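The form predicted alone is given below as one chain in structure tokens.
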């Protein structure tokens, strides 16, 4: 029996364990296996294999019972998930069912989740901008959070590293606040987007650039992408169903199969991580406790290093639930800051207008991204009564309509001949929120989920800084739209739209130089437990105005490289 026990422990022992298989978890698995580590990749949801498990990816609208739309029953059953832009009849199977995964909203918060192998990398919007040194300098300059322990220069080579592998399209725009990267050819702006770009360049003398968005789509696959089995983006714009061509980057099409090819990867779906095991004699983590999603049986797995990539809020949950005599308030939580300083992006407001020019032109086909207005407020100096700034999307397309006033053959003819109206333009704000101690997540001390894990309480809200930023966005975009000759300018704000729907939540396990004010060091190690690494959104000290996923990837690759080096030196 003793030998059987030893064999069982041996089967459950690895060099590394990665918790979570989304964008950052996939990169952890790729890097660690690539450097020869026998790695266990845990995913709480079911398996999703590239192509095979995209059941709706080739279906036409008429093949869906409701034409692909959300029904009242779907909306009533999923009041949170159904608010997401990507949720509909064609993609609902990649979103959690709200009733099965409850959480406590101390303040309204739309927590959007994708529990399956690949996580949200299957449904993300694919915007991929680098952060600049201005973003890493922000907290120290403004004093609203702790200083970042890393610089842009340190991260830049890792941005290049992940961009080349993932495939990022874009232009080299030469902007200080938005560094260039290793780009594939960009998508093209529409003629009205180019008009807006030209007018803004003249009016603001280059201070308010408008560019084509940078996104994780293969516009011209390179040998490294073909080796992954991926092909060119087909411009279908139904990405949230999963792309059988691998046209956009996901863990399922890229990093996980790459890790699997090493022969070092064990992928284990349906594995809900309960907590991390801390050995007080060894003064380090030794493994994780995992609840089988189906049988509810708990099993322990062991490793030398552990990467936590469960996505921001679940990563906080796991660490908070990893209690021991040494860490009664959660793993590494000596300073009591774990779960605090959650930040997000403010997507609450939009702008719209029309353009009556260029009526001899229109657009054709589909494009998986739009144009982009990089942050232009408070970049080089503080110039407003609010801290930080905002970026924005921008797109322009022709309005179309059909005359439905007739009947019979006349109606049939009208429906077959679409008419074009003015150009319609629009922007959505992506504002940086300030990480605050009052924005936090914590464990409920009474209620648990179906797997015996405490329910999470979320207390996150807008503040006065966000309101001032929204007001400025309306004023500045109105000025810019007017200068471009746009008419019928309208502002849209929904104060009842809860934080969270942007799916860009960050923080709670922030990086920093001082263990008294941060949880992680510059290599993403817990200050108080050096063989545990956090490299998803939970590690972020502040949140910039750019989309965060590319930074998660770069930070993960950098941290994994360092972890392996430290492991070789026997420092872990």
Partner chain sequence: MKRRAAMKSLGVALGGLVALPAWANSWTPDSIGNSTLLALNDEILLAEIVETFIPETNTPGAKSLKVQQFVQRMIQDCYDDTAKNTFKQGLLKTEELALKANNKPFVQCDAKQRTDLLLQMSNDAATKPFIGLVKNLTIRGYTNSEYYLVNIAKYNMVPGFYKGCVPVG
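Positions refer to the first chain, counted from 1. Remember, predicted model here, so these are calculated numbers, not experimental data.
Same protein, other form: the form predicted in complex with the partner chain, not shown, and the subject of what follows.
Shown alone here, residue 405 lies within 4.5 Å of the partner chain in the predicted complex, counting heavy atoms only. Contact annotation for residue 445: none of its heavy atoms lies within 4.5 Å of the partner chain in the predicted complex. In the predicted complex, residue 68 approaches the partner chain with a heavy atom inside 4.5 Å. Contact annotation for residue 514: none of its heavy atoms lies within 4.5 Å of the partner chain in the predicted complex. Here is the short version: of 227, 384, 329, 488, the single residue with a heavy atom within 4.5 Å of the partner chain in the predicted complex is 227. Proximity to the partner chain in the predicted complex, taken as a non-hydrogen atom within 4.5 angstroms, holds for one residue of 302, 158, 245, 440, which is 245.
Per the 4.5 Å heavy atom criterion, the partner chain in the predicted complex is contacted by stretch 230 to 238, the sole one of 275 to 283, 498 to 506, 344 to 352, 230 to 238.
The three marked residues, 60, 361 and 411, each reach the partner chain in the predicted complex, with a heavy atom inside 4.5 Å.
The partner is not shown here, but in the predicted complex the stretch 178 to 210 reaches within 4.5 angstroms of the partner chain through a heavy atom at 188, 189, 190, 191.
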